[in-house]
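Shown next as structure tokens: one chain only, the form predicted alone.
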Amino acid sequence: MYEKERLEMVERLERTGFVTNRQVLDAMSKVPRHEFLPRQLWPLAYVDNALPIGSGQTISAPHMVGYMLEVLDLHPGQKVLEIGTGSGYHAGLVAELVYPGGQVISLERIPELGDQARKTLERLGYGDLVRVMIADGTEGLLQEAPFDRILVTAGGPGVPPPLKDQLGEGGILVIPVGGRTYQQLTVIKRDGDKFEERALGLVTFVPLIGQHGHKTN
């Protein structure tokens, strides 16, 4: 179902230059985005827009998902921490890119979303690759650190210090940084005790809520 629409979406992303990495494009060809959406939104699943998934959260537009995956430079065998499971779509794509031998741990602060994402990922065969946990993602997950890659899918006022601490040597962290409405997509690379930060452009993500993020009100 929707395979034609999914492949057309991937072709558009490649043609417009939003996504150029072949592995990322192949992953997006495989993972059924519609399965991560409320059924009434399935006809819109392969339009290049963000869509609501409940609890005031969204699934990011495909071009932004693909671009973030490119910047992360994912490879088989890597251990990845995702902050903000949301629908679970992003985690499914990461799982495709770190297979075989890789592991994805995804933290979600909203239990209803986390539980639904876990069920969807298990149904689609990613249960052994992706572990969804209900937690404050801004704290990271110290007991599982270090991570080769960290992906944050919500916009924070700054980079949470625990996430930088838990990034492994040579690791890459991608996070939107800024206000509640607009942020700069930021990539951080670790070299020993040094962190190289680079802004990639203006983006709009839901707020990153937590101890080291925005407050709820």
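Model, not experiment: these values are computed from the prediction. Numbering starts at 1 and follows the sequence shown.
Beyond what is shown, the protein has a form predicted together with S-adenosylmethionine (SAM); the following relates to that form.
This chain is displayed alone, yet in the predicted complex one of 31, 159, 154, 174 has a heavy atom within 4.5 Å of S-adenosylmethionine (SAM); that residue is 154. Of the residues 110, 124, 71, 145, just one reaches S-adenosylmethionine (SAM) in the predicted complex with a heavy atom at 4.5 Å or closer; this is 110.
Using a 4.5 angstroms limit between non-hydrogen atoms, residue 59 touches S-adenosylmethionine (SAM) in the predicted complex. None of the heavy atoms of residue 9 is located within 4.5 Å of S-adenosylmethionine (SAM) in the predicted complex.
Contact annotation for residue 24: none of its heavy atoms lies within 4.5 Å of S-adenosylmethionine (SAM) in the predicted complex. In the predicted complex, S-adenosylmethionine (SAM) stays beyond 4.5 Å of every heavy atom belonging to residue 96. Taken together, the three residues 67, 163 and 197 all stay farther than 4.5 Å from S-adenosylmethionine (SAM) in the predicted complex, as judged by their closest heavy atom. Residues 135, 136, 137, 138, 153, 154 are the ones in 134-163 with at least one heavy atom within 4.5 Å of S-adenosylmethionine (SAM) in the predicted complex, listed in sequence order.
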